[in-house]
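Before any questions on how it binds or moves, here is one chain, the form predicted on its own, in structure tokens.
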Amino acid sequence: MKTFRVVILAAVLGLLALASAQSQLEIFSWWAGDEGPALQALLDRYNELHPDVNVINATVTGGSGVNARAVLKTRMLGGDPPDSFQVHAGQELIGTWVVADRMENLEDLYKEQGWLEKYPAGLLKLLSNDDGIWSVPVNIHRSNVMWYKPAKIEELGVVVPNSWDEFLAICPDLKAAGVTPLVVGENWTQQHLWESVALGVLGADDWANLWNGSLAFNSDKAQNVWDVFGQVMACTNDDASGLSWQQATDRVISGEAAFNIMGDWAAGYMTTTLELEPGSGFAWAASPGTDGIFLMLSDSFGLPKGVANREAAIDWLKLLGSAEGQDIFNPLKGSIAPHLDSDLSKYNAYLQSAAADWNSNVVAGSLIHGAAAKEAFQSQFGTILEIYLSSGSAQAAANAANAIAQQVGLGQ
């Protein structure tokens, strides 16, 4: 009996030792569904490199991370941060968790890995403030893309519009043909449309001036954005609130709608899930009025202070920041790699086109996806949009935006 107890005790101690030897890594993101395979490919590679680490894929679903950010806020404020979490590069992280002293400075990691020479200077600036570098980017997405189906546009006999005036001119003809001129989905996709309209109306310089405080949100120029946006929204579908961004994309492919403006994760969806060929199954152009401007966002991951599995998290960041990791992830995600050593032969025709534009266009930062403005302003922009949609008043929306900008200290 004594021998039996010794054997059992040894077995239990062995299991405990094994459990303690296997560290964990909790990765928090909003990549699920059609975007899940790209993340899983990265996790699989991490497991190959670090088989002793148990990776927990803590995904919170919801378009553009709306739901995930709410859960993350609860965890960060509650002292239970994930080991590493997805965040849009720029002010979404710096203006929220960096200023709250909840993140580790990654500048030493950048120097150790040689990344200061491997990322464009403009992107490094976006990831940094005077005190350090705060996240590792895994991709570059473009926000201002107009998607369409070439065969349908040819059938309709219209030309892809280069300006919002051109789009508004063909809107009646498209409606007469029984086609939705521009399909939109739930609230955040309409915010996404707004920033492309604003960029097309204002141009790159005045778009930047909104966020640095040089152009007031209630100025005539900024108010005109809402007037044009209202005309564009009159050319959209009535059932927007019930559609996801994927369902809006589906309507373009089915021929029910002529155009859709969405980030180039839509290209990932169309190539990976719908198995369409870029250039024939679907095509693209810069959103009207924004040719030569790349409205960018970047998904990145940071390192919260006090995490339980710091070394495993640093290994995760090393994979994300490498050319290898980015070239595993981005062809599936429908984005391009920020790493200057990316192997473009692994990317499809759309992504090669986006990479060429990234290297030649004027780069502007997305509002809705966290690059341009403080999260405190971005999170309230949905309310500003609702004020406009319910009142139809450009002045009311412009005044609301200006009041919130002053309240949160935008541009300071």
Partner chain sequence: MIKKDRLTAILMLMPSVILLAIFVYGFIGQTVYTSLTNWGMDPSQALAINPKIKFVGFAMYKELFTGFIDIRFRQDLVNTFFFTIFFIAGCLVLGLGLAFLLDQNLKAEGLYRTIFLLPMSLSFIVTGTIWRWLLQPKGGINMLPSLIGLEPMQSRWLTTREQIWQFNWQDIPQFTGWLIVLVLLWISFSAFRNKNKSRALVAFISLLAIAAWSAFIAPKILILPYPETHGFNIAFVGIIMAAIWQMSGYTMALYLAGLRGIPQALREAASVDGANEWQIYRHVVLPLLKPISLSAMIILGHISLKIFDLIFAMTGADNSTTDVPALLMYLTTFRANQFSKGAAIAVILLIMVAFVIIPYLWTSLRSEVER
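Numbering follows the first chain given and starts at 1. Everything numeric here is computed off the predicted structure, so don't read it as measured data.
We do not show the form predicted together with its partner chain, though everything after this point is about it.
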Query - E311 within 4.5 Å of its partner chain in the model of the complex, heavy atoms - result: no
Requested in this report: Could you confirm whether K221 comes within 4.5 Å of its partner chain in the model of the complex, counting heavy atoms only?
Outcome: no
Query - Interface membership of N399, its partner chain in the model of the complex, 4.5 Å heavy atom rule - result: yes
Query raised in the report: Might D238 be said to contact its partner chain in the model of the complex, defining contact as any heavy atom within 4.5 Å?
Result: yes
Requested in this report: Taking 4.5 Å between heavy atoms as the contact cutoff, choose which of T189, S322, T96, T271 touches its partner chain in the model of the complex.
Outcome: T96
Query raised in the report: Quick one: in the model of the complex, does every one of R69, E256 and E386 get a heavy atom within 4.5 Å of its partner chain?
Result: yes
Requested in this report: Can you check 340-348, 353-361, 41-49, 375-383 and let me know which stretch has heavy atoms within 4.5 Å of its partner chain in the model of the complex?
Outcome: 375-383
